[in-house]
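Listed next as structure tokens is one chain, alone, in the form predicted on its own.
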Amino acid sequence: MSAQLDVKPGLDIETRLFIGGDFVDAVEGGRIPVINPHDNSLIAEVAEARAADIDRAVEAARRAFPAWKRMAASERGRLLGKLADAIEADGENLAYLESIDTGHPLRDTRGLDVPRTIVTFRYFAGLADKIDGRVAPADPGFFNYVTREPVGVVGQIVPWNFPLMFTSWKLGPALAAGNTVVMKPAELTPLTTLRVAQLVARVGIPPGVVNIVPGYGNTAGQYLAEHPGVDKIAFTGSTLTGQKIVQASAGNLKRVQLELGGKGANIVFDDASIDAAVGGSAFAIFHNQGQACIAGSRLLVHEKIADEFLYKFLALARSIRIGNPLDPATEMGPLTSPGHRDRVLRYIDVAKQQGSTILTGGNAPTDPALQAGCYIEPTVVTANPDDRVCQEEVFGPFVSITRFRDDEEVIRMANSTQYGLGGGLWTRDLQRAHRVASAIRSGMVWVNTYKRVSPASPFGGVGQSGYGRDLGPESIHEYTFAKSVVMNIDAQVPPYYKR
């Protein structure tokens, strides 16, 4: 097969590995089929990286690191800004690729995924020359300053649910801080990350600073996490895989940053604006077909307003337009893979077995045009807090409804899972908003909104949702270490040993 494949008039996508500034064939791997989840047709086959290819990529990153670290921070920022400009100019191509590869509706890839990617790179372009240190208190005659040094070679593993956006979330802070990168995109959705690699080469980022190696998790991902030449591994994905990465990283005690699963509690109090809560709660769970770690997948509604809320919420869920992601009118596309669609359908069976009532959805759409794809209707079920669908991450257009009586009860419900990534609440009471936001054990809380993410604000969780933070100035600390330098300026230090 040719290394390049036309998938859209005028658009060539590179399907080889990107190592040392060039696209190269894999040494020993095969080819990975990339499938369009709308109809399960083949889009392309990309090179599969294995151990020898990871070795090449790590070596290229190590060679590039000293010069990239020494480069003026303002110049690193300028190159990141050029990359943001190139992504903006290529935005329609990237939106198209992301839609056919992931199933995101085109209105989302155009309106959310591509713009978020651009703004993230621009944020870190501006932050690159603002990474400062501090002066520490010191005894008379001494001067002690603390700097932030780049970690070195960073291995990054990008998930399949928002591959383009997460490419920027990982690359942006790592490169701004002076690190070099070996990135493994998910085998299901590598196309936009490879497209970004083409733009990296085009804008003049030095060879070896960014290396892109698609591959399978149990081969390329495992080897990258174990590699003694990698100083840090940053991973976004499932909690189970995150635990394996921690184990694999022990060989050289590399740094580990994990953004893992979630089971977001979305609380609607009896004084909330019901219309606002209905619309925001639908976005919280049905955007990107529910394939988001921060999805508001547990909807906790005060018993006084539950009937009115559900009447409007179910009507909205039933009105969502399911269809081909490339149709601008589509509001919900397919799940990203057949295997994941089947997993979500199994959770619907689990809900039924545990006594849930399916209020709407629960099936694949009946439209013949969608039968070949990975589609599931927006699904709403009743559930108890201890049910599996309230404790385990379904990761689909599937939300459980639970009623509560008072603030104390709902706080217990919100904190009753192993996860602690994101959550939300809807209320007009300012004191309640602050009190409940403080009581929810999670890395992020939204009030009268949901899933509002900014490159300036830290993103990450606690508990089984992982540790470390993407985005914000906090992410720079994830990709640097503190170096203390103590200087004797004019202190007269008596000899410790007397002769």
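Note that residue numbering follows the sequence shown and begins at 1. Keep in mind that what you see is a predicted model, and the values were worked out from it rather than measured.
Unshown form predicted together with a small molecule; subsequent notes refer to it.
Proximity of residue 247 to the small molecule in the model of the complex falls outside the 4.5 Å heavy atom cutoff. Looking at residue 160, you'd find a heavy atom of it within 4.5 angstroms of the small molecule in the model of the complex. For the chain shown alone, residue 235 is a contact residue for the small molecule in the model of the complex, at least one non-hydrogen atom being within 4.5 angstroms. For residue 187, a non-hydrogen atom is located within 4.5 Å of the small molecule in the model of the complex, even though that partner is not displayed. For the options 208, 396, 261, 280, the one in contact with the small molecule in the model of the complex, meaning a heavy atom within 4.5 Å, is 261. The contact residue chosen from 166, 426, 124, 313 relative to the small molecule in the model of the complex is 166, the criterion being a non-hydrogen atom within 4.5 angstroms.
Stretch 212-220 is the contacting one of 212-220, 269-277, 124-132, 106-114, since its residues have non-hydrogen atoms within 4.5 Å of the small molecule in the model of the complex.
The three marked residues, 241, 421 and 459, each reach the small molecule in the model of the complex, with a heavy atom inside 4.5 Å.
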